[in-house]
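Below sits a lone chain in structure tokens, taken as the form predicted on its own.
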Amino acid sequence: MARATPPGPTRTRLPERAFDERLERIRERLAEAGVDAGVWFGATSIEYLTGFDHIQTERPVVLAVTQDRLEITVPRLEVERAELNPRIDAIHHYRDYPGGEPMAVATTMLADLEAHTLAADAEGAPGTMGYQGPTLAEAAEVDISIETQDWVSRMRWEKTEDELALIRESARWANLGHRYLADFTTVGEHPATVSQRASMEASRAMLDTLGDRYVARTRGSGPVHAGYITGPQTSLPHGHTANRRLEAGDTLVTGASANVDGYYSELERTMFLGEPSDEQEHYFELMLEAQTIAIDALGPGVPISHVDDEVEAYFEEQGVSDLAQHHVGHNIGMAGHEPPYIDSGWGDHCNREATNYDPEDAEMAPGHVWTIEPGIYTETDGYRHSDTIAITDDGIEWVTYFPRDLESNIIDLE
């Protein structure tokens, strides 16, 4: 199986043309739909279209895009940050929620744009952190027509080369964080402090190396995170970092990623603190073979559900189907989990009218970036690797590259 090593540092931020291209595609969709404006409430979609990133709270942010304008409604505390964005033509604001009536301000913005027919990602802002405001239609002083759309969510499926370059850079620093994690792991240490130390050292190296080329998108924490769950917690796919010290014989399920201009990779490994038992080695090898089968099945034009089917068939053949608790993987980019999902039901999902997907959406395509992470979970331990793999025109590209074999994932007790 060919394994591509990422080239030297390529890109640490999206170029301006990326936003121009995205907005051009949105305006084409507006024309096709015959509406006056597109509206977005989702923070990730707003960032994707404009580069303006914010933390979604009870204070809604509303983006409106017309054929010749891009305007935004924000709470007062975001005005200065929004003013730094060169793509935003006008900023409307309210003081705060609930006194500021954000939807009233947003509907005034739309009225000023003469936007009466809208395609929106929702009828109103999500109920984040207790927000309970009206929908746009309820707040409007005149009748407006709203149809829902998921244009940005769908656009994010296929990554451009610019986006893939950021994910590659994320994988580079995730790999370093993971290496520190393994190096700092010893019997008697606490998983939380090992994670903090590995994350800090990798973040320090990343910031020192990239300097002002790094786009700061963190609030207090570093750009690299590396950590793990240990022992009994690994038997839970989403276990927590327990308040226990590391012990000889522990199974560790790791996770490492890095934020590069809002894009992420995913690297996970099953590791052992000291020589594994026969049982641990057995389940590790089953998991590793399942991941290999999944990766071998990837490629452009491959039915997405087929990859999950292949892994399910292998687990059934090995008599461990009852130990598998989730599908093979998911897309990754600006969010940890993005559609599509490598799930045996994905093809049927695309054929349901409610999803608004086309038949070709059931197949893998160049630009998809997948996490490949089939897992096995016994009563005492869990076993899961995750690698980030991109689909190319003629095959795949390995984005993460920490060793997968058993020997490389045994941490020496000495």
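Residue indices: 1-based, along the sequence shown. Fair warning: this is a prediction, and the values are worked out from it, not measured in the lab.
We do not show the form predicted in complex with a further copy of the same chain, though everything after this point is about it.
- In the predicted bound form, none of the heavy atoms of His385 sits within 4.5 Å of a heavy atom of a further copy of the same chain.
- Contact check for Ser199: a non-hydrogen atom falls within 4.5 Å of a further copy of the same chain in the predicted bound form.
- The shortest heavy atom separation between Glu317 and a further copy of the same chain in the predicted bound form exceeds 4.5 Å.
- Not displayed here, a further copy of the same chain is kept clear of Ala31 by more than 4.5 Å at the level of heavy atoms in the predicted bound form.
- A single residue from the set Asn85, Thr241, Thr108, Thr160 has any heavy atom within 4.5 angstroms of a further copy of the same chain in the predicted bound form; that residue is Thr241.
- This chain is drawn without a further copy of the same chain; in the predicted bound form, the residue among Glu71, Glu268, Glu169, Asp308 with a heavy atom within 4.5 Å of it is Asp308.
- With respect to a further copy of the same chain in the predicted bound form, the three residues Asp121, Thr148 and Tyr401 uniformly fall beyond 4.5 angstroms at the level of their nearest heavy atom.
- Contact annotation: a further copy of the same chain lies within 4.5 Å of heavy atoms from the stretch 77-85 in the predicted bound form, the single such stretch among 160-168, 260-268, 77-85, 276-284.
- Applying a 4.5 Å heavy atom cutoff to a further copy of the same chain in the predicted bound form picks out no residue from 252-273.
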